[in-house]
Ligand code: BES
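The data below hold one chain only, encoded as structure tokens and taken in the form predicted on its own.
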Amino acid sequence: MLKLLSGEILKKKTECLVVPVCEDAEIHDDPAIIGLTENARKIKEFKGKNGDSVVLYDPADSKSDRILFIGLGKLEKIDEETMRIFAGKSVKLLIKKELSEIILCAPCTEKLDLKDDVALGAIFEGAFLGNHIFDKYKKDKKEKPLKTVSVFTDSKIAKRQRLLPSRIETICKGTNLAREWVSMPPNDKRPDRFVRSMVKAAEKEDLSFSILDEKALKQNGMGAILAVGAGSRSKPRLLILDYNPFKNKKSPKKKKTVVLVGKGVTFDSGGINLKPSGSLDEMKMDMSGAASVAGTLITLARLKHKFRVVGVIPVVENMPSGDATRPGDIIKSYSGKTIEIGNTDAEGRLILIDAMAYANKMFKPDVMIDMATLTGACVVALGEKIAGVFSTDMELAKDIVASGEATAERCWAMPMPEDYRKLLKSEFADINNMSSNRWGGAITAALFLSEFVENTRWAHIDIAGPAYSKKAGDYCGAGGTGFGVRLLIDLLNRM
């Protein structure tokens, strides 16, 4: 679907040529594109400001049916995210025009002070992600995605970056896969069914997998996962996806293993501590961490990543019933520690700790990262578009934040003060799953998780805010955002 073009732009046949225009500077170096831009600037209502757009139909000397000019605003504010938004907005607008193929003109990267791969990669990302339509459950499929999006650039750049479209498409397919799992209704992704869906996607790639069902979970002493799933007729599962490029080769002397743990609560009613009605309608998204981890593993296999990455994904449904875990119950986790249940709606941390402790024992990772829609407190602190990063390893937290900046899946490092740990004290068990104080809930949740990490380099990413969007964005529709796939791929590449 994504293509890279160069040569003479006016000789390229397309339904629509899309040209970005800067408000206060010329950002192209191709004479033909500069000429087209000058024509657009003659139109009184088009100034190149952010949000400006104008269309010229049947332009002279061009094989395009129309040319769409999109304003980017002032030069000093243009960055790679501007490029994603430009491409995403263009694609979404032209989908509504019922077009099938377009060409986006990339600006001169030197004038933007951006690297070629960064600027072009951002354009390809915005275009591919903006072209995603989730209409599986609609009878009338009113919109169709574009068949082809091409990006026009300088011939030398096109030659250097010829492999870029394929790589970006692969990564964005993983993001869209995670989006669709999150947006899927909860009746279609009860634990066993959701696991089957992830396995079906994984089977097509160079991934090995194993599933621990309810019987195996009991045999392994995973009391925390079982406690959360006790109230549901759909019993819990633990899925392990293993990407190991060394499995059929002579193992190197030093091989790195990273474990990714993803929270998979396919529907979170809150359990006995039932959520209020206004909070229930979006609780199908409480498995976003699991979706992102699975999407990441599938993407890594497609990209033929260089070191071993294991996805450990606990999947449950948190429901109230006569069999459900109650506040005041004491359960025994896989690690051997006992936990007093202070609140059954603090369930995500329970399934994560069994998965993390199991992963530590079985895979002995160099690094472990968990991703979860864990706390509303993190949304209060950082809003709906920024994830919270908690880690005692400052270098790891710094790398995650840097990957967030590179991918526009923004993260912010949060504190883990030791004195807050006492808020999790229990008089009757080793630890309580709920803080004795209502404040700083994202911090105490992270501190709870840290009790089960041992000495492994670890980070927790709370994606409760950015995992799901009620309204469509510039290059993402309403529903699951797929947040975390591009972030984790970038982070693993840094490693």
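Throughout, we count residues from 1 along the sequence that is shown. This one's a predicted model, so the numbers in the text were calculated from it and none came from an experiment.
Separately, the form predicted in complex with the ligand exists; it is not shown, and the next lines address it.
Colleague: Since the partner isn't included here, can you check whether the ligand sits close to all of 275, 286 and 375 in the model of the complex (heavy atom within 4.5 Å for each)?
Modeller: Affirmative, all three are within 4.5 Å.
Colleague: Even though the ligand is not shown here, does residue 345 get within 4.5 Å of it in the model of the complex, heavy atoms only?
Modeller: Residue 345: yes, in contact with the ligand in the model of the complex.
Colleague: In the model of the complex, does residue 434 come within 4.5 Å of the ligand, counting heavy atoms only?
Modeller: Judged by the heavy-atom cut-off of 4.5 Å, residue 434 is in contact with the ligand in the model of the complex.
Colleague: So in the model of the complex, is the ligand close enough to residue 268 to count as touching (4.5 Å, heavy atoms)?
Modeller: Residue-level check for residue 268: yes, a contact with the ligand.
Colleague: So, residue 33 and the ligand: in the model of the complex, are they within 4.5 Å at any heavy atom pair?
Modeller: Because no heavy atom of residue 33 falls inside 4.5 Å of the ligand in the model of the complex, the answer is no.
Colleague: Check each of 189, 179, 237, 349 and return the one that places a heavy atom within 4.5 angstroms of the ligand in the model of the complex.
Modeller: Contact with the ligand in the model of the complex is made by 349 alone.
Colleague: Which one of 67, 461, 464, 447 is close to the ligand in the model of the complex, taking close to mean a heavy atom within 4.5 Å?
Modeller: By the 4.5 Å heavy-atom cutoff, the listed residue in contact is 464.
Colleague: Which of these stretches, 331-339, 208-216, 366-374, 240-248, has heavy atoms within 4.5 Å of the ligand in the model of the complex?
Modeller: The contacting stretch here is 366-374.
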